[in-house]
Each structure stands twice: as structure tokens, then as C-alpha cells.
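Okay, here we've got a single chain as C-alpha cells, the form predicted on its own, with questions on binding and movement later.
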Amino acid sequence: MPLNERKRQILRAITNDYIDTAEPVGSRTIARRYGLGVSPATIRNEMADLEEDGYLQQPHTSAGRIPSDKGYRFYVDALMDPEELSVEEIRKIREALRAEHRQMEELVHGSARLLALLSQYTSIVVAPDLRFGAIRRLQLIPLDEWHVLLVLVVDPGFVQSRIVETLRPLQLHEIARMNHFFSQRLSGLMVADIGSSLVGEMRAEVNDEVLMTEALNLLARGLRDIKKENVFLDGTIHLFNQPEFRDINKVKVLLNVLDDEKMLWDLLSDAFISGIQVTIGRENQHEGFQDCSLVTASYEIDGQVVGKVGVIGPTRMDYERVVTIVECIAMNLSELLSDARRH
């Protein structure tokens, strides 16, 4: 049966109070703080019904109630009122991300730091899977007579570079010819698509063995690095500020999960769909995560989902604020990366 309005009000009040205090909530507290217009005895009866239906639980016989995973799920889906960020807060988020937008890796790291700072929980950001990113540019930039800067850019902004000392002085017209060749033959290809025939063409065009070797090494390194499943964490220290994680054994289990990049990737990659997602307690399949909630949102490049941002915290998480922050970061990441691709 759906919850009536009074039960909904009581469940919301208990959840909000427990999020704020981390202490079980009694009927007198609800009657005093929330002005529901009914007696503590009536609230106590409603709480007993909510417990029987699985929305609340009682940690100790004489204690008040706390939300169960089912109670948190109903709260997130039907009761909470997501916090609105002020115009000033949104402006600061945009400015902070744009300040990091020199390379894609810096932007992803910056997003993780910002999420941890704003939420005061642990943040997680999954970088775009660039295995299928196209080569935007392989370019030679002359530095002096004997040195060039070799730059590889893979869409949407994965950048690697190295300085190469050539075997002989290169003329500007030679560098221009090689750059033209790279532009014509490499732009738009995936790094993984570069085969032996194209390498042979490159050797014929690049008449400098050191430079050719460095170019191939840079492409090979790019292929190796972009195959990595890049998951960035920040703010792990915030876990120790939560009463739920004062148990050192519980913290050890969680830290082992957070230290396993592949496990984190598996935890997140199954749900690369648009929009916000909240996974609560035992909805997380991995045992080490079952005392936690995970709030994530996907970010996109021109409408295509390429990664996720999220926050990890106790089930007693401030969902109303965290959901808003995660959505805001994801939206701004999408805008920045889409702009980078277009320009």
C-alpha cells in the first residue's frame, strides 16, 4: 500500500533529522521539531507501522528509529527536495572547472577535487574511454634548428608531447610537409587503426630516424595510456569524519574497494546511461559498499555519454545537496568537453 501523507511526513522528518545528527530519532523529537499537529503517541504508532513495512529500523531496543535502505530509497525517489545552488555557487563551479581546462586529464582531476570539496564526501570521476577517440592532431612544432616539439592530441582533449632532438637540422618547409602529411593521413583515425602500411608511408615521409621513432613511440604510448580505465578519487579522508566509519574494520574493507581501480570501474561502468543515479546500501552488489550510497551522473560530449562523476558516502548522506552538486558538475563537464570538441 502507498504511504499516506502523515507517514510520508514522518519518514521525511526522521530521515532529515538522522542525516543531520547521526542519532536515532524518537517520536518526541519529531513532535517538537516538525510541528506535524499530532501527539508523540500518534507519531510513535506511525513509526511502528513504518518499521513493520520495512522503511525504518531500530538499532537498539530503547532507541529511536533510523531509515532503512528501503526508507532511504523512498526518500530519494519521492520525498526529498533537492537543494538549489545559488547563482554565485554555480558561477564559482564553472570558473573552477574552466580554470582546469588546459588538458582533459587536468579537467577530470579538477572535477574530482571540486566534488570532494563541495560535498565533503569522497568523490569519484570516470574519465572518458578514449580507446575509440579519434586522433585530432599529430604535429611538429619547431623550437630551434635541432629540436622540435612533437604533439599528439586525441579527441576530446587527451594531449601528450615530447621534445625531439633530430639527426640533422630540419627546414621549415620539411616540417610543414610532414605536418601536412600527418593532417591528411592521421586526422580522424583511431590510434588503434594505424597499421603497418601507414607506418611505411610515415617512414617514407619522415626522413629522420630519431624523429620517426619518437613519433611511433608517442603513438604507441598514446594507445597504451588511453586503454587504461581511468578512475580518479578525491576526498577519501572525509570518510573518517563520518560516525559510521569509526569501526576500523569497516573502513579497511571500504578502502580496499576504493583502492581497486578495476573494481570501481566495474561498479560504475554497468550504468553508463544519461541522468542522475542513486544507489543505496545493499543495492550495491559489492559487499564493501553495502554501508554506502553512491550518487552518480553521466557527462556527455555532443549528446554521447563518455564518463561519470559521483560521490561516495554513508547511506546517511545529504542526498538533497549531493544530487544537486553532482548534476551541476556533470552538466558543466559536458559543456566544456563539447565546446572543446567543436573548437
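This is a predicted model, so every value here is computed, not measured. Note that residue numbering follows the sequence shown and begins at 1.
Just so you know, the form predicted together with the DNA exists too; it's not on screen, but the next bit is about it.
Novice: Gln277, Gly281 and Gly288: each with a heavy atom within 4.5 Å of the DNA in the model of the complex?
Specialist: No residue of the spot touches the DNA in the model of the complex.
Novice: Given that the partner is absent here, does Arg6 sit within 4.5 Å of the DNA in the model of the complex, heavy atoms only?
Specialist: So Arg6 counts as contacting the DNA.
Novice: Considering only heavy atoms, tell me if Thr296 and the DNA come within 4.5 Å of each other in the model of the complex.
Specialist: Thr296: no contact with the DNA in the model of the complex.
Novice: Please tell me whether any heavy atom belonging to Cys292 falls inside 4.5 Å of a heavy atom of the DNA, as the geometry stands in the model of the complex.
Specialist: No - in the model of the complex, heavy atoms of Cys292 and the DNA never come within 4.5 Å of each other.
Novice: Is there any non-hydrogen atom of Ser62 lying within 4.5 Å of the DNA in the model of the complex?
Specialist: Close contact exists here: in the model of the complex, Ser62 approaches the DNA to within 4.5 Å, heavy atoms only.
Novice: Who in 18-45 is close to the DNA in the model of the complex, meaning a heavy atom within 4.5 Å?
Specialist: If the 4.5 Å heavy-atom criterion is applied to the DNA in the model of the complex, 18-45 yields Pro24, Val25, Gly26, Ser27, Thr29, Gly37, Val38, Ser39, Ala41, Thr42, Arg44, Asn45.
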